[in-house]
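Let's start with one chain on its own, the form predicted on its own, as structure tokens.
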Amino acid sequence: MGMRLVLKRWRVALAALAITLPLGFAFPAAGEKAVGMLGINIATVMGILPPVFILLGLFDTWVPRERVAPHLGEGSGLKGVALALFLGSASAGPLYVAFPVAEVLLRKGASVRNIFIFIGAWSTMRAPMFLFELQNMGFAFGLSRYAASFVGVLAMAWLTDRFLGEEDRRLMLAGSGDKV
């Protein structure tokens, strides 16, 4: 049973490896380039994730649930929405860092809706990206893209929260270590 679970979890990576290896032997120059790019990507991820996990561990240990839940939880209202938008848009780092952060926030009592807003803002509404667009693509483009992202993030978070089934919500909260 254990090997089947490992194979199931790693099926995409194993499929990519099964495709890449024969191609690497058929086209050695491309294979070398692929291995080099893999090494660079692994080094980049390993340079980012350990410090993030250390900081999240400290946050998880030092900040009690009672400090987070009133600000981002179910009853936080517009204040929670605004805080989730701010935290996501003020982020620094690749999107894959947002998911462990979101998991810790969920465990600390943040609402599912605010987690979706946080991840949406992290992926589309970052302040540095907005400033870059204003400077290089013009005020009208930057502002309209940011406004569309704002509306889209809020709409998708609301719709996802509204139509998320009880079983899916229970699984999300159970996966975060929350008692359901």
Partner chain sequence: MTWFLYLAAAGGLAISAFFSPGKTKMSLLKAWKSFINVLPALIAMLLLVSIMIALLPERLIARLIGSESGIWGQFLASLIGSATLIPAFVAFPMAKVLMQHGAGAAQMAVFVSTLMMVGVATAPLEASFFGWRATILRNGMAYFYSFLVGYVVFGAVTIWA
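In this text, all values refer to a predicted model and were calculated from it rather than measured experimentally. Numbering follows the first chain given and starts at 1. Only the largest set of C-alpha atoms that superpose within 1.5 Å between the two forms is called the rigid core.
Keep in mind that the form predicted in complex with the partner chain is not shown, yet the notes after this line are about it.
J.: Looking in the predicted complex, any heavy atom of Thr124 within 4.5 Å of the partner chain?
T.: Contact with the partner chain, yes.
J.: How about Phe86: is it within 4.5 Å of the partner chain in the predicted complex, going by heavy atoms?
T.: No, Phe86 is distant from the partner.
J.: Examine Leu72 and determine whether its closest non-hydrogen atom to the partner chain in the predicted complex is within 4.5 angstroms.
T.: Contact with the partner chain, no.
J.: If you check in the predicted complex, is Leu95 within 4.5 Å of the partner chain, heavy atoms only?
T.: Although the partner chain is absent here, Leu95 would touch it in the predicted complex, with heavy atoms inside 4.5 Å.
J.: For 152-168: residues with a non-hydrogen atom within 4.5 angstroms of the partner chain in the predicted complex?
T.: If the 4.5 Å heavy-atom criterion is applied to the partner chain in the predicted complex, 152-168 yields Gly152, Met156, Leu159, Thr160, Phe163, Leu164, Gly165, Asp168.
J.: Superpose the two forms on their rigid core, then report whether the C-alpha of Ala29 is displaced by 2 angstroms or more between this form and the one not shown.
T.: Ala29: C-alpha displaced by 2 Å or more between this form and the one not shown.
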